[in-house]
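For reference, the chain that follows is the form predicted alone, supplied as structure tokens.
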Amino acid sequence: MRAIFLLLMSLFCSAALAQSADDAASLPAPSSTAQRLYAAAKGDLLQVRVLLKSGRTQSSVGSGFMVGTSDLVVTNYHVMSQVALEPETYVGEYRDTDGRRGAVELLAVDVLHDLAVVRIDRKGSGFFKVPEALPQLKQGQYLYSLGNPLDLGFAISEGAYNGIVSRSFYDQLMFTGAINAGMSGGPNVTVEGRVAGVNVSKRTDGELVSFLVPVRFVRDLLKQVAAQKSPPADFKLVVGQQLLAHQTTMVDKLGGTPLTFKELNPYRVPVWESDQVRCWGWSNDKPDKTYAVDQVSCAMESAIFVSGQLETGNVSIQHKRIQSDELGAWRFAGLASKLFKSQNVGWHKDLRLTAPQCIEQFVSNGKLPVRAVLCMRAYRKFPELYDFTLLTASTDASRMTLQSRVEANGVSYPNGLRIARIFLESLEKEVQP
């Protein structure tokens, strides 16, 4: 029996080796350009890790690259976010392609564009240059991303540049090449080896749809590092200031965008539909339901990464028309009240934000009477930032109601009230002739 088993294993291994050889022969060889670029760049390519100070165990991992012949390294903010926000708990470390390791010192962060600059104990060879004159990219041209995907080893990925992403609040470049976890913060270069951007993210619901931070934001952050005398003493303050700046820009931009109206007859519901805010429709209108729901949902397609537990700086809108021909007025009122009360506005034990504080009133804007609940939560680590949630339910009909929800995350107190006021004033019902 043992001899038969060994024979079968031998045959299986022979077949597997033959198949592997066939597969290897069928795979395209790396392009000569990719091979040339990797050979020239690998000395200035780094893995950037975040470790727990206690035990020195790895918490997160990304990539980075040396800037010119300096001791500066560019990576993503999200790679270094734990060091920025919890320096008493986490520390940074680099490893290069030769296996050398060393500590990293955080010098600057750009939360809005997901960038960070750190300093290490060695200097670059000069391969990765961040020029004053930016590369002029053309759609379809080849670009190359480098990094350490999935912590498996350093690698290079080839793809094409496909323009600027308009649905992101801040410019990002679309790259049709593979960017996997661990490559975040690595460089993306042209055929000539000029830095075009920094690896930042990918879409998980598509194939080879990846995103880069444009190199001009790297240039701006490096200028900031050159101008500062010493690193900030508390990066939480820096992050908070940048988030405040973002929310001002976001609300001003949305406030300057005319509201458009969607029809949920007989209601007209306001939305901000733009390059940054997309809307979808949905209905549960089925014969086995005692009530029908037609819904419009709109949301910004991007948010600002702050930490592994927190993304903020965005707005979402939801409108639901609920109606029934089967339920009587009392039963429908009970259903509508239950649906309205079931909405969650935050967990009181959430360590990121305070417990929600809410006020409730019955109000009318002259076009539609509503029951309105406005809730606010403060960020524990970032003063002057809040999450606002506005819930409304129309009180104009006995077997139909419009229930709306508007969320503004990471905004100032005045801007949270501003957004709530805009939507309360804009809800309306068409007058039937």
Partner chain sequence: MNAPFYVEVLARNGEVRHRQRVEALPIRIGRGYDNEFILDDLHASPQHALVEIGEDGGLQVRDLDSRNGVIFKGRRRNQLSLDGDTVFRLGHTNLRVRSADFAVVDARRDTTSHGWEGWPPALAGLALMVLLTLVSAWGEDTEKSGAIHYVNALVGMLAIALVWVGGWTLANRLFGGQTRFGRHLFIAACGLIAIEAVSLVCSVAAYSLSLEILTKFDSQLMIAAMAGMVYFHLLTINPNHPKRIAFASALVALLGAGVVLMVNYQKSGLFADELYISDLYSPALRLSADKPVNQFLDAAGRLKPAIDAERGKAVNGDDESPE
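Numbering follows the first chain given and starts at 1. Because the structure is a prediction, the values reported are computed rather than measured.
Not on display, but discussed next: the form predicted together with its partner chain.
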Problem - Region of this chain that lies against its partner chain in the model of the complex, out of 181 to 189, 346 to 354, 107 to 115, 213 to 221 [heavy atom, 4.5 Å] - result: 346 to 354
Problem - Within 4.5 Å of its partner chain in the model of the complex, all of 309, 393 and 403 (non-hydrogen atom) - result: yes
Completion exercise
Note: exactly one of 241, 139, 125, 337 sits with a heavy atom within 4.5 Å of its partner chain in the model of the complex, namely 337
Practice task
State the residue from 133, 359, 152, 233 whose non-hydrogen atoms include one within 4.5 Å of its partner chain in the model of the complex.
Solution key: 359
Handout entry: Heavy atom of residue 59 within 4.5 Å of its partner chain in the model of the complex
Key = no
Handout entry: 4.5 angstroms heavy atom contact with its partner chain in the model of the complex for residue 372
Key = yes
Exercise for the section: Verify the contact flag for residue 379: yes if a non-hydrogen atom of it lies within 4.5 Å of a non-hydrogen atom of its partner chain in the model of the complex, no if not. Expected result: yes
Practice task
Using a 4.5 Å heavy atom cut-off, state whether residue 203 contacts its partner chain in the model of the complex.
Solution key: no
Problem - its partner chain in the model of the complex - contacting residues of 402 to 421, heavy atom within 4.5 Å - result: 403, 413, 417, 420, 421
